[in-house]
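In structure tokens, the next block holds one chain alone, the form predicted on its own.
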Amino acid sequence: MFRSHTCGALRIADINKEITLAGWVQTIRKFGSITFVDLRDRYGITQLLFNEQLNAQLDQTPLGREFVLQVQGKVVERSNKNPKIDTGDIEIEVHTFTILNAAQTPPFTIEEETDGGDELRMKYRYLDLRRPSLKRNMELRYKVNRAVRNYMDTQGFYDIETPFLIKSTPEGARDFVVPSRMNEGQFYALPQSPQTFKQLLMISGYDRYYQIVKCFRDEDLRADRQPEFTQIDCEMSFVEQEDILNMFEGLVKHVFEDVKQISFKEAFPRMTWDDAMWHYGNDKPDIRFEMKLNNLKVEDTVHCDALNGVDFKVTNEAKTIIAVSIPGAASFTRKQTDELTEWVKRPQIGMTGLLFIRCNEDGTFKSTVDKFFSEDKLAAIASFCNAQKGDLIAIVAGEEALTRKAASELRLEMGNQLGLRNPDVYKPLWVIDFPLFEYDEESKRFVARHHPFTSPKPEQIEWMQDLSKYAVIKANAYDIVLNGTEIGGGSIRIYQRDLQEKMFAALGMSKEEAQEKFGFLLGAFEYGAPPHGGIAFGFDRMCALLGGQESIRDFIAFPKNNAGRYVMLDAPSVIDAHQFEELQLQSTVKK
């Protein structure tokens, strides 16, 4: 028997027990004729006491950090208790020990706070995973997985696997492609999602499907993206939007209750896409704090009368002017406002500057445009923004999309600076009534905002024949947002062949192209497809948010770096020449 207990199991009630432990050496502390060793495993840390006799043996056979060690001994009470660990009331008086495996000195400290940089820790990920913070993340990921499966089982869902080697149907992100040895010159694609398969399962009569599944997208990476990621994929038949929202709001509530012991008593608020864009500047608003956008002027339409009759080129020529009222920030110094101005000038934001109005405690107003705006005008703008005494109004002006995005980012930045985005506070909401299409400037055509299988609102289906209506057709689509991050999204699907063909045509797809890419689905619609819809949650994102972090990387056991590489495996890599021959491919790598 390698161990009778784990390193996190023993307590004061176990005093005088003879035990066997095994684990990794965390730290070694030598005090004269005795030595203390912290032994670590997945479950915790236990302090070991090596007496004078064993200490002499350690001199002959020294231990090092990360040695794999087995000890036999007796549980005794610690004289200097450590309340920071669960085993802090006891220690093990070691009788015998065996070094099961020696270890080189690790390249970074394997502790809560490490001295290893990201790339180094990625290279030695198997060591990084020994750190307590990563262990907690993996444990949380497992708990979320378990909670999801338990809920879905109680609601009558089947977990059904779908293929990874499928047909390439590029719509949106780039596919990862896999050459076929047995079919010369032809390729599989890795699925960006199981979308068509779950629709086919609905046609097959499996009316409640889910899968915790890997998906693949060849796209630029960031903190919440990986080229392969995990999705909670769900689909239901004979449902409307309300059924989906109720079912999966229940899932989120169950996960929070099970994993975080947080109960949401009230129904999640709902917000239309139009309201989200108008009040928050984005379609995933963080509602942990107010500070809504104030639309003074939008696309040359003035909403705040105080802008009229002012001889100021910036506000007169700007298509859109949006103000953010920052609570309690009238006391900001000139240095602070200058820093904010430089912040919006960064390439990521792209504005030329900021205008400020201080709402002083004495009821007066002071601005950077006093030369053009009277105090009455400033007071009217403050009233329009519902600004209070002590607030600072920051104003951005320019082209509609850029200005709205800048105002949204400014709002979030001020939320960060003022401590209003507490990671321990959770505010979910549904965003509904998304546009069905969006115009792509690069290709000069309308594309599907969600995906081409999303159904339009029933009352707007006839508008699909009228190109002039494309910009205003709403989709039967919905996102669930948590703390300013989209954690899931879905839609009611098209389930009739004629409507699906209209959708493909609206996207500029010929009948021949639609048949080539999606003929299997169009044909399936002719054999009694039921009304259906679903949702997919970003599993990695959900775990990161529940763990109070933004990056998903530390919630994935073996992630890739920002360049999409496995540093540990040195992948992707060049394959052997004979593999190119087997696949009938020509290598472009120079010898």
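One rule holds for the numbers: they count along the sequence shown, beginning at 1. All values derive from a computational prediction rather than experimental measurement.
If you look for the form predicted in complex with a small molecule, you will not find it shown, but the lines that follow are about it.
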Open item on the list: Residue-level question: is residue 536 within 4.5 Å of the small molecule in the predicted bound form, judged on heavy atoms?
Closed with: yes
Open item on the list: Can you tell me whether residue 121 touches the small molecule? I mean in the predicted bound form, with a 4.5 angstroms heavy atom cut-off.
Closed with: no
TODO: Look up in the predicted bound form whether residue 193 has a non-hydrogen atom within 4.5 angstroms of the small molecule, and give yes or no.
DONE: yes
Open item on the list: How about residue 231 - does it come within 4.5 Å of the small molecule in the predicted bound form, if we only consider non-hydrogen atoms?
Closed with: yes
Task: in the predicted bound form, the one of 404, 377, 358, 493 near the small molecule [non-hydrogen atom within 4.5 angstroms] - done: 493
Task: Of 450, 141, 131, 297, the one that lies within 4.5 Å of the small molecule in the predicted bound form (heavy atoms) - done: 450
TODO: Would you mind picking out the stretch of 495-503, 389-397, 194-202, 154-162 that comes within 4.5 angstroms of the small molecule in the predicted bound form, counting non-hydrogen atoms?
DONE: 194-202
